[in-house]
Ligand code: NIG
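Take a look at this one chain, the form predicted alone, written out in structure tokens.
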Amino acid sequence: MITLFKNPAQIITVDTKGKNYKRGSEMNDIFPLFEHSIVVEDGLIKDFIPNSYVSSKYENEIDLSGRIVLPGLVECHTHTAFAGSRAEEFRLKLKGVDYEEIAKKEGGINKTVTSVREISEEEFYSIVEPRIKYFISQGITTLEIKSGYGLNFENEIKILRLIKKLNDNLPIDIVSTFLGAHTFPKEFKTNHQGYVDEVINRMLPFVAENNLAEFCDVFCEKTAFSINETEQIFEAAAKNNFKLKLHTDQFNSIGGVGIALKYNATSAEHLEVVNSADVEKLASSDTVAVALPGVSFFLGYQFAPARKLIDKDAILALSTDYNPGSSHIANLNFIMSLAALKMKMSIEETISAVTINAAKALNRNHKTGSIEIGKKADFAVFDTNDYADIVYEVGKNLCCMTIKNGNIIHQN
């Protein structure tokens, strides 16, 4: 079927001229297209037609008059598959107890692990599905979800099977990341190598054999996995044909960026305390730097040096890091506004960071993330005639239509 998406106020193409990502100053070039309509055939972008040339009727026409079209938004770092509440920890944070101290007292990630281990698969599905629908209502057409709240074989697999089921049942692309190395579970508190061996010898081979995840991620941090432990897991993951991601430089800089680059990781994520030397290294690589300003806001902590990364010519993406403990924020619009207000990013840079560069952080940038002929017809339509409003209207969801593969999957 051929569909005409006609008469939008602007089409923000984020055109890459075939490069499929934006580095440094290129992030300001989002190439708005005026007085054009989009022709979509079989779920792909076929052509752009000047409105004055649109004469014949198409099989299907969608009128977007007065609205802005962006590429479908991409959420490239989330922990959406969790159970239970950590509101009590939130109270402690407000009293000045820091995140690392809570983790040492068996709060933090391990509290969520207990909730996940106790929940049935049916109930688990029922609480995660509405969260994904909320993301869809914001114009998100591609979403990453990490495991990491099971921390044993049975429950890590339970989370990954849940993610697969959600991907099968819902109309967006859900990308699965295995994060069995999120932290050490209580039963391995004094036997870290024992848990690393469990991840390497049991979890990774099973996940790979059953095609339950595309990426393997590790939390490389003083209170989580050391450089040596991270390398052991990366070696095993690479042998099992996983693409690699790394949580690093969130609270301490212990050499994680060097490991990410050594193993050609697709992305290095967090980077709140990344040092100047590692900024230079990231900027000269093709590894995507994923900044998560919601964490800094939620924890009252410093923000990743987005301005320095961009000015040094890095490939920068943004995401919510939606999770129950350190960024209980599921609003990508708010993240864009935070990036502009607190990280000194331009409106155009934030748009590039949640579209084409976020797609690159998931190895989806050749298929989505920009509005270019031949790519998927994934669009986010906003009820405004000025794209600046998407960032200016802090916390307000202006998305009125989400389109995936040329089909309307949400309309407000």
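Computed from a predicted model, the values in this text were never measured in an experiment. Start at 1 and count along the sequence shown; that's the residue number.
The form predicted in complex with this ligand exists for this protein as well; it is not shown, and the discussion that follows is about that form.
- The closest non-hydrogen atom of P324 lies within 4.5 Å of this ligand in the predicted bound form.
- In the predicted bound form, this ligand lies farther than 4.5 Å from every heavy atom of F225.
- Remark: I109 counts among the residues lining this ligand in the predicted bound form, judged by a heavy atom distance of 4.5 Å or less.
- The closest non-hydrogen atom of Q250 lies within 4.5 Å of this ligand in the predicted bound form.
- Comment: 78-86 is the region of 201-209, 78-86, 332-340, 257-265 lying near this ligand in the predicted bound form, near meaning a non-hydrogen atom within 4.5 Å.
- With the partner omitted here, the residue from Y99, F184, F215, F124 that has a non-hydrogen atom within 4.5 angstroms of this ligand in the predicted bound form is Y99.
- Taken together, Y149, F219 and H270 are fully in contact with this ligand in the predicted bound form: each brings a heavy atom within 4.5 Å.
- In the predicted bound form, not one residue of 371-399 has a heavy atom within 4.5 Å of this ligand.
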